[in-house]
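You are given structure tokens for the same protein chain in two forms, set apart as structure 1 and structure 2.
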Structure 1
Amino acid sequence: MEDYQNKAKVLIEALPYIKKFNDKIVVVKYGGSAMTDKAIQKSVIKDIALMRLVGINPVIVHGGGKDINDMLDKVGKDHKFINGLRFTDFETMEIVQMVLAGKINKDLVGMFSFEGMKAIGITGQDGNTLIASKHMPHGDDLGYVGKIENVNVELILKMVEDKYIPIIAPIGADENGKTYNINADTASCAIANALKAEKLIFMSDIKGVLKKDKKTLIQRIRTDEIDSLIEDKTVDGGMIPKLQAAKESVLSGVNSVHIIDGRVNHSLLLETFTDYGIGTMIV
């Protein structure tokens, strides 16, 4: 009996959050690194399904770094990253598209269908959602790495209105149809900003942003601290574009931006429906 009452209590405690987020858009960046474990993946899909069923509009942007590396290994191609961005030559771009659009995106749609949810998987090429151009950070030529010039939210909003869960692979195209590999964090940031999302949640394979000792969690980071965290190398690799994206979204008015551990069961629900702060919040 007590057990059941505790369960009821949990539901009641979620009520203010359910009200607060009713009909709001929450963008979830699902990190490739947190996607490799099938059991965790199933649990994440269930959490997102629950969000949708209580009236939130989740929009999913996914990465796929680990799967892309595995495929490059299989075909005997090197992979290299420069400041967290993948050097993408023509062949790598083809593999990025095959893995992100062909495999991961459709696998995710299938998993939502299995939960009885309506999901549609697109890349930024569909409906001209992500208009991109060549990105050359600090003059580095990274090949087909793109930056986003414009997000066309029309298609995403149509899906949201019709209660589909949009699942977006971060591939963009320019006006000539040339495709670009866009870092999934950068893409989720641009999409969250364009949708004026209430929340942006980055799910990764790490507790959150860690101090230099690579052990201690930093619970809150102000946007004006981010550049120095990158400069003094407290963060490197994939955490660089993630923090830059987080900063940009906070500054463009997304109410809350979080980096959470996708490996922890139901971290998404804890983050959305409780006061219990997990991971790192960017303020």
Structure 2
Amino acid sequence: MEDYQNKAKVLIEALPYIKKFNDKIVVVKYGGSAMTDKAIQKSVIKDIALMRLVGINPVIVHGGGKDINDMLDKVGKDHKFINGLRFTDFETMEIVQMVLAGKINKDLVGMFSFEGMKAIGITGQDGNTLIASKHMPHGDDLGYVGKIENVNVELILKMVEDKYIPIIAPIGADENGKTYNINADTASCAIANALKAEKLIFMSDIKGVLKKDKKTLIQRIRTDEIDSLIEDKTVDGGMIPKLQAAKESVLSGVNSVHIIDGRVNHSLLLETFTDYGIGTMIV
């Protein structure tokens, strides 16, 4: 009987959040171990399916770095990164497009279909969703790496309105039709901003933002605290661009940004529907 009562408490705790987020858009940046570990992958798909069934409108933006690396290795092509971004020549761009749009995107659609959910997989090229231009940070020529100039949300909103789960591969095109590889974190932020999403959730392979001891989780951060966390080196490495993007998203109208450990089973549900959450929330 106690076990059943505990389950009832969980449902009661989730109820106000279900009400609060009903019919709201939540953008999920799906990547890391949550994409490569089959058991965790099934857990994530079920979480997102449940979110949709209780009235939330999830929009998925996925990466696929490991699969791209594996395919480059299979064809004997080197892969390198410059300041965290993949150098993408013409041949690499073809492989990126094949892996993201042809394999990962459609595999995810199939998984949602298996759970009885309606999903549609697109890239940023479809419906001119992601208009991009060549990205040259610090003057580095990265080849076919793009930055987003504009997000056209018409197609995404049409899918949401028709109760489909949009699954978006971060490939954009410029006005001349030239395709670009876009960082998935960057794409998810731009899409969440354009949609004025209720939440943007980054699934990562770390607990969230940690204190200087690199063990203690910081559960809540205000946007006006981010610069000081970077300056005093509490935050470093790849977490810096994530927090900067989170700050921009919140200031652009996204209600909150979350960085969670995608390796934990049902981390999406724990962060969305419980009082304590599981990761770091930026507000």
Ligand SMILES: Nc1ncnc2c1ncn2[C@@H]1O[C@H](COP(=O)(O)OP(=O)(O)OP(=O)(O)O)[C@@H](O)[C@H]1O
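One-based numbering along structure 1's sequence throughout. Since this is a predicted model, take the numbers as computed values, not measurements. Basically, rigid core = biggest C-alpha set you can superpose within 1.5 Å across the two forms.
Between the two displayed forms of this chain, it is structure 1 that matches the form predicted together with the ligand. A movement of the C-alpha atom of D227 reaching 2 angstroms or beyond is seen between the two structures when the two forms are aligned on their rigid core. For N69, the Cα coordinates differ by under 2 angstroms between the two structures after the core has been superposed. After superposing the rigid core, the Cα of I240 is displaced by 2 Å or more between the two structures.
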